[in-house]
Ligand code: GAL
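Next up: just one chain, as structure tokens, the form predicted alone.
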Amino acid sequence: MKQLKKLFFCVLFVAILPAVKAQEVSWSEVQPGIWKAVIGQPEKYDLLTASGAQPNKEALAKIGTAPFPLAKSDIEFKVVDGKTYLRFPLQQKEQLYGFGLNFQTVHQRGKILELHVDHYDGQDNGRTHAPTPFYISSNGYGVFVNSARYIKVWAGSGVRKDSPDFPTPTDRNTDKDWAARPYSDAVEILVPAAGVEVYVFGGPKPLDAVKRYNLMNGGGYLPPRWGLGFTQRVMASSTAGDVENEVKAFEEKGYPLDFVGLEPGWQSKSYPGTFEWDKSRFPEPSVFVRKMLDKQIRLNLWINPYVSPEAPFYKEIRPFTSSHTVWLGLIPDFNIPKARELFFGQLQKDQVDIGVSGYKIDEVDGFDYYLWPDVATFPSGISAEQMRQTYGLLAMRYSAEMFKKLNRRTFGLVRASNGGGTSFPYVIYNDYYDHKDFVTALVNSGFTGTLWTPEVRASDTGEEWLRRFQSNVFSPMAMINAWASGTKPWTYPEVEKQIKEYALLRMKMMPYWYTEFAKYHFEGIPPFRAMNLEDGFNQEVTKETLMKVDLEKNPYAEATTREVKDQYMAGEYLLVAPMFTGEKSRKVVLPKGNWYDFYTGKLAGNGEVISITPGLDIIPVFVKDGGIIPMMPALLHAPKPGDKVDLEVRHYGEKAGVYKLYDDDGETFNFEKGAMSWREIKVERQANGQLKGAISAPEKGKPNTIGKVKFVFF
């Protein structure tokens, strides 16, 4: 009996011990200001493996090192039951950004998410086109979890009983400040794997952490100049003749056009696809492609990667595909070299080799009911879940390689990305069509290492058409997607004049856009980014007043933190504040320092909230004091390699300014071998009080596409 009692108490003692102790982890500085920790036994297949991302060591070295931004003793890792638990501390007034391409919210503190590649369906719940497991703190650091699993995140939403900063419980009956979601002092992350790699990025500013993350992934992509021009996607069933007529109409009406998108009808069969030309619509593909190139028009082809039984390589690729299908088409396992050879080999010989300039890769995101289920198997042994998280990365990586081998830059569209995808030549788009949410996604894209286009398709009114078009012009890809509607820039006559002005403005601003994308590549600075990354912007966490709420319908309603999600930075100097249908006026939050109206040069304000009534013709844009905006003539096509263009350099405000203008041939990867230059544009105040501008001389043996330079002072 005594032995039984003794055994009972031993078992009880063991039972009340902590199940698993936190794992002691060492941090190694793998690049300046970037630290890595390995927890448990990480899986061999992860986001960086799938993307093949390689750090830009030279650029990271230029940023320099930084102190480790968190108290290591407050970071906790443990592996329990084959799952990895991560805990990072949060301070009281710290705000969080990122966790993927969100469409409705910028502030992520307090959110509960499952980061899962999917077609966005109206909720910021983690299921989105780019569920990047990377977050940034307003305190100036970032955290990246390198896992290709569905990751669960409690972004400051769970309160542990042993929390060192446990909030004081209040009585809901008497305390009007009682909160349904009490303060939480940690980000907690669950990875469904027995180990994972984690990276921490130093600051000291939030933008520094973002730059380090982008450069760790190779830096942002530098598109060809023509990729930053204007693109029109034609109707799905268009023929070669239809496309030629549409291109002719653009030219005759004086609208810029650099590349045309062909939708599913270019293929002999689609959904699933054959990846060969429909000869009834395009009887001589090589002749057609050459004719377009002669007119300075590139072609971008729609695909989704699901192989029809009618495809010429169907039987050969079948052994290297998934157990399941999508639209009855085979799903190639791009982790197998033979599958890549067959699939991309078809694209290479049938399209790329005859001059096709890029792809739109559709439906590699979701929904669940048309993509493969998580019970599917792939011959490489990679799980269906991991393939779901990385299929967009794989499609981008291996399609981009085709063009890289030919020393030709490309620029296209994709429906899914993830961590590690920063350096790929693709802009994300989707079938959702809320204008305000599109702008919020553009704001958030700078936190995720992705590009996003608020594409224009059709509108109910001319006002809506113009408002959508205006914000599209100030985005990574200026595009009308008319695959179903057949809309043209001139479809709404009442706003045709304004549409044309903004289409031409896009072309005028090409030197600025091209330089800002070069900074994305060489310095890691997102060309379009949230105000929260701008110096002088107030990031303090505040609460909005709770408006009248029906507590019967929502008994746990509470105030939310104020966020700015309808304005953004475009390049180094521009603040863009889009207008939406029905709006006559809006408020704009200006960071500290003087800001000037882009169109008139008039002082707009300094570190304040302004109210503006711009009229239908204007998308409000403001320029930082000392801002320098290089512009070129409004050409109908991007300059060809070797073409020289004159510059009008605009300077705004009172401050002196310096701007590094980037230049290369605009089409090849020769810039990676040094065939590029940075010309310094400088504006200084002279002894007589007048401003004077100058540009440095071209470097001998370096590209020089700049003709005459004129300075205009606003």
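So that there is no doubt, residue numbering starts at 1 and follows the sequence shown. Keep in mind that what you see is a predicted model, and the values were worked out from it rather than measured.
One more form of this protein should be noted, the form predicted in complex with the named molecule, which is absent from this view; the next part is about it.
This chain is drawn without the named molecule; in the predicted complex, the residue among Gly355, Gly158, Pro264, Gly345 with a heavy atom within 4.5 Å of it is Pro264. Residue-level contacts in the predicted complex: of Lys360, His521, Arg397, Arg149, one residue has a heavy atom within 4.5 Å of the named molecule, and it is Lys360.
Residues placing heavy atoms within 4.5 Å of the named molecule in the predicted complex fall in a single listed stretch, namely 477-485, out of 241-249, 103-111, 576-584, 477-485. In the predicted complex, at least one heavy atom of Asp431 sits within 4.5 Å of the named molecule. At the 4.5 Å threshold, heavy atoms of Arg340 stay clear of the named molecule in the predicted complex, well away from it. Contact check for Phe378: no non-hydrogen atom falls within 4.5 Å of the named molecule in the predicted complex. Taking non-hydrogen atoms only, Arg415 approaches the named molecule to within 4.5 angstroms in the predicted complex.
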